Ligand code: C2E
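First comes one chain, alone, set out as structure tokens in the form predicted alone.
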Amino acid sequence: MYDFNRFIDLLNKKVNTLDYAIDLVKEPFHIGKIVVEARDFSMPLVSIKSESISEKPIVVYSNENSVISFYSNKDGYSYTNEDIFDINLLLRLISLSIHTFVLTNKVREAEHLSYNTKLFNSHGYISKLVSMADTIDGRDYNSYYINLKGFGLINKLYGTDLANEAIIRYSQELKAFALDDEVVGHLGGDNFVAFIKRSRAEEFVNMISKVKVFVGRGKRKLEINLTSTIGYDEIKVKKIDYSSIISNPAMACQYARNTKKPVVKLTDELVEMVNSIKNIESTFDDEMQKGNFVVYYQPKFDILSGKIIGVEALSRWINNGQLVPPGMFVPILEKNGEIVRLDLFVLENLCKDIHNYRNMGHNIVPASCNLSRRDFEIEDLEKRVIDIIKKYNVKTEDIVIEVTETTNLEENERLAKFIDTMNQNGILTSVDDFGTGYSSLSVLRDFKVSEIKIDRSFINRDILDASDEIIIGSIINMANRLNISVICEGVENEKQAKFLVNLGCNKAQGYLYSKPVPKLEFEAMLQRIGTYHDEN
């Protein structure tokens, strides 16, 4: 009989890892050999089966991690019951050792790796950079924070399983790009980080800006294009500041998301702006009283004549002489409810300007003011709006109230009530960002609005094809048949403008014609360009 006690002694003296378990199995037990076959992805397949052993195992022991088999290497050897008992015990001990290895390995992975993608999590990402500290110069690198655009919609369209698969495929692309002295990580959800050589920055940004992945199986295989919002920081010191290696590019990425820019570099000016914005809740009153919140005007144009047909009043914040993009402060004010004060401030200033223009005999074009969803939480919103319009004797044909469609039934009911009240008082209404909600068609049916503004996302594409023509054309045709005016926002080039004209939409707003400008600049534009009504 083999020396079973010696095996137990060796097992007790060594650390219970798979490597040591296999070393023990290799000990020369004279009556047999053992084969270990791994089931768990975290444990490599191990086989120490001898060529001379029997085809059928004497004893097999299995669990969720492995199958362990004992084979005889003694021809004609007769195993006693005691032998079988000892062999069973031996295999169970090896199984326990393997199980310990697997659990230890999983715990180690959980500390450093994202569960789904197996990329470094935040802890593993920093740990890896720390381990590289003595071999690299931080000034040769950029740090990146990457957010996948619209991933929530992908989740809804394709389901959680395929969305997770898309994330895994995307992670594989990131990992394949990175060199040995570069690092990529997955912080969870649709957020990723990367530490990439500056010499490869352009190549990296081009790669991650749009990644094509395939998910599913067989005929259900789908192609998904994952686009990114990217913030990055050019590291300026040799020794990396690990406390900001993630937060700095994250700050730039958040700015990029708020301003709808694809890529943003962190600068000292941006840091100063973001720090100021963080204090907006406590400084809003003071900034309002100082006159740092102002009204800008973005004209609307007739595409065919090039004349101004209307204008939209927009809030802007001037902080330390710099114009702060609304995407940086509006979400904060919406969250704390102060957006109501800001929206009514814009409406009042707009009405005041309309009143002054009338008194001075200037040309008047319909002017619109946007109300946010938070405004509709106020019970007397209708009264406040009407009171401001009446206060400055503004003619109802000179003012348009823009509202944003919603997917919430309760909010829609409140919105319908507001629009009905405006109609009863002769005040025109418009639906902003039309087409971005799930209720667009019911808006045309249920809301008695005078205008819809087709969202920029419908035409903000490199190539406008037949499907775009069908979708946008259908919206325009339905609106025209319902006697609802149509304007498209976000028009940035002549190709888009021509596309709209061909579909029967002659009204546009966007940077092709003018960005939002201060009041005096808009007044000069009115005098220089003229209005559509001047010739009609």
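Note that residue numbering follows the sequence shown and begins at 1. Since we're looking at a predicted model, the values are computed, not measured.
One more form of this protein, predicted in complex with the ligand, exists but is not displayed; see below.
Novice: Kindly indicate whether 343, 370 and 433 are, all three, within 4.5 angstroms of the ligand in the predicted bound form, using heavy atoms.
Specialist: Answer is yes for this spot.
Novice: Decide whether residue 468 counts as a contact residue for the ligand in the predicted bound form under a heavy atom distance cut-off of 4.5 Å.
Specialist: The answer is no: residue 468 has no heavy atom within 4.5 Å of the ligand.
Novice: Tell me, yes or no, whether residue 312 is in contact with the ligand in the predicted bound form, where a contact means a heavy atom of each within 4.5 Å.
Specialist: Residue 312: contacts the ligand in the predicted bound form.
Novice: May I ask you to state whether residue 456 is within 4.5 Å of the ligand in the predicted bound form, using heavy atom distances?
Specialist: Taking the distances in the predicted bound form, the answer for residue 456 is yes, it comes within 4.5 Å of the ligand.
Novice: Does the ligand come within 4.5 Å of any heavy atom of residue 398 in the predicted bound form?
Specialist: Heavy-atom contact with the ligand at 4.5 Å: absent for residue 398.
Novice: So which of 339, 277, 226, 253 gets a non-hydrogen atom within 4.5 Å of the ligand in the predicted bound form?
Specialist: Contact residue from the list: 339.
Novice: 136, 270, 330, 211: which sits within 4.5 Å of the ligand in the predicted bound form by any heavy atom?
Specialist: Among 136, 270, 330, 211, a heavy atom within 4.5 Å of the ligand in the predicted bound form occurs only for 330.
Novice: From the candidate stretches 118-126, 348-356, 229-237, 315-323, select the single one in contact with the ligand in the predicted bound form, where contact means a heavy atom within 4.5 Å.
Specialist: Only one stretch passes the 4.5 Å heavy-atom test: 315-323.
Novice: Could you list which residues of 462-493 come within 4.5 Å of the ligand in the predicted bound form, counting heavy atoms only?
Specialist: Contacts from 462-493: 489, 490, 491, 492.
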